[in-house]
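Okay, so here's just one chain, in structure tokens, the form predicted on its own.
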Amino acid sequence: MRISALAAEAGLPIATVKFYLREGLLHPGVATSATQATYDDSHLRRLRVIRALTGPVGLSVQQTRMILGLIDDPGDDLYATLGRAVGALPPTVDTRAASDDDPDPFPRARAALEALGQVYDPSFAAVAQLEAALEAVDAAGMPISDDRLLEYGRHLREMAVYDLERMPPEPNAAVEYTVLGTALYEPVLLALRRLAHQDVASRRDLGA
């Protein structure tokens, strides 16, 4: 298809598609002349990924380029690649490493993960995100109780098992699945939690 058809199919202005081409986010089409090229479904799929990352997720062009690079070339260590990809997603936090001055940079996260019986890997960006979140609830005077932590953790682990059982086996597809699944499904989970609160509260009021 021509670039005009590609842009129309993706729901984007032609100028935006050309910008993604110039920035290297979208791979070039097959040249048919000095000024023309054709594009296929792989370009349409990439545009949808770019649109998701720069739109709902709100990543910059530089962040998007980094994630697309990991999708295209995930390397041999898929675990490390997934960690880097997830680390590029908001919220961005201080991913400080352990040092002689601070041998335990994420004590709250470590304690929480140990209580849940889960792997504690301080190099994984979500550990720093958990530490920041736990610091915030502590500062607000609402520290998370052991019962709440275990209950949340139990349900979230079941969701993680469900997600990972459906992860594509190909490394590049696995990175794309993980990044988009994390970025796009987490707002759905948040909304469903809030709606569940509303439903439970309304049923209690009706039963009162």
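The term rigid core refers to the most C-alpha atoms you can superpose between the two forms while keeping them within 1.5 Å. Each residue number is its position in the shown sequence, starting from 1. Small disclaimer: the values here were computed from a predicted structure and weren't measured.
Beyond the structure shown, there is the form predicted in complex with a further copy of the same chain, which is absent from this document and is the topic of what follows.
For a residue to qualify, one of its non-hydrogen atoms must sit within 4.5 Å of a further copy of the same chain in the model of the complex; none of Val17, Arg65 and Ala111 qualifies.
Think of it this way: in the model of the complex, a further copy of the same chain has a heavy atom of just one of Ser42, Ser145, Gln36, Ser60 within 4.5 Å, and the residue is Ser145. In the model of the complex, a further copy of the same chain sits beyond 4.5 Å of every heavy atom of His27.
In the model of the complex, none of the heavy atoms of Arg22 sits within 4.5 Å of a heavy atom of a further copy of the same chain. Within 4.5 Å of any heavy atom of a further copy of the same chain in the model of the complex lies no heavy atom of Asp72. Contact annotation: Asp121 falls within 4.5 Å of a further copy of the same chain in the model of the complex, judged by heavy atom distances.
In the model of the complex, no residue of 5 to 34 lies within 4.5 Å of a further copy of the same chain by any heavy atom. With the core held fixed, the Cα of Leu156 is displaced between the shown form and the other one by less than 2 Å. Positional change of Ile14 between the shown form and the other one stays under 2 Å at the C-alpha, relative to the superposed core. Put the two forms on the same core and the Cα of Met167 is off by 2 Å or more between the shown form and the other one.
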